[in-house]
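The chain that follows stands alone, in the form predicted on its own, written as structure tokens.
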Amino acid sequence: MTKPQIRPATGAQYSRIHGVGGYRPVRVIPNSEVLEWIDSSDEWIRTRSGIAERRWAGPEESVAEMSVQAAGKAIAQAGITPEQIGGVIVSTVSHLKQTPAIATEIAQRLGCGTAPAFDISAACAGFGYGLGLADGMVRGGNAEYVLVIGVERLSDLTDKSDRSTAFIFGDGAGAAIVGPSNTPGIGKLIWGSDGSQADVISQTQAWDTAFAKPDAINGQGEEQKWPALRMDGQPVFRWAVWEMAKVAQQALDAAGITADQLGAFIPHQANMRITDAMIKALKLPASVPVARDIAETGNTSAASIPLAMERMLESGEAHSGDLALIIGFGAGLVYAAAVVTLP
């Protein structure tokens, strides 16, 4: 007797990004304000990071609210309705509830019906991770369109007294719609992790340790200090410059694309010096526009690539149909790179 076989799922042959959108908080934090917290200078901050200002979210600009705003723009650009979305993936390290996933609230607020919705934690590589998952869902037949969001409120995890990190982080949300395509629009994702260096970027303490402290409000001990982000700058810089340039080149090779064929280079906005070093390592022609959104937005982790992508398209630096190399890297240490067609 022949054993029954499972009917295979069938999806689109290829996928691509159909729309992108971003949300930047209203409040601007210039370097002059940061200098009220730490002993430094505007020149030192700009030289070290390339940052002139960053955006910090206000009380009403929650992770969910920023995501909904960014997603609305991406959906409109893609020319679809929320009901057509078959999956919602949210990458964030700053939604401070362990459960439920913030993706479920976002999906409900957008009107995505019963679409599966979940969060991932892949820090600054999170948008790339989400893009890879969305690509697989579309081509595997598990969704026609997938909404990928990178969103952070890193101001909630910033220690204003830490001279090495107080000036770096910003808030914001970026979103993209991934859907079917007649031609390849997302190249092979080169992604991975190096857990041997997990401690070089991390939260200062675990939640259970933080919550176990005496509560000063009740007069039981010292003041509670909220966990923040810490980073060993030099090891991160070396890893990002030398190892991530290799990963970026692997993404180009996997896509069958050379650097001079790119219409844009959109790296995670971590540090302007890292970007410059990667440009040199990749031998990127001067004619290829490079995202430098960090100057006005700071490091927004999972949100940085879609935010920078939106800005390049809106400013005319890059154009719909151009090929762009994207790469994200951060805490974990994790990374993800791919060549994509811009929406």
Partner chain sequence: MATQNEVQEGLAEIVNEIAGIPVEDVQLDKSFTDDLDVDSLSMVEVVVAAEERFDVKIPDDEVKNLKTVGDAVNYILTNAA
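It should be emphasised that the depicted structure is a prediction, and the values quoted were computed from it without experimental measurement. Positions refer to the first chain, counted from 1.
Note that the form predicted together with its partner chain isn't included here; everything after this is about it.
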**OP:** Would you please decide whether residue 48 lies within 4.5 angstroms of its partner chain in the predicted bound form, comparing each non-hydrogen atom pair?
**Re:** yes
Original post:
Can you check whether residue 273 is within 4.5 Å of its partner chain in the predicted bound form, heavy atom basis?
Top reply: yes
Subject >> its partner chain contact in the predicted bound form: residue 238, any heavy atom under 4.5 Å >> reply: yes
Subject >> Partner proximity in the predicted bound form: residue 277 to its partner chain, non-hydrogen atom cutoff 4.5 Å >> reply: yes
Original post:
In terms of non-hydrogen atoms within 4.5 angstroms, which of the given stretches 146 to 154, 265 to 273, 128 to 136, 179 to 187 touches its partner chain in the predicted bound form?
Top reply: 265 to 273
Subject >> Listed residue (161, 258, 98, 234) with a non-hydrogen atom within 4.5 angstroms of its partner chain in the predicted bound form >> reply: 234
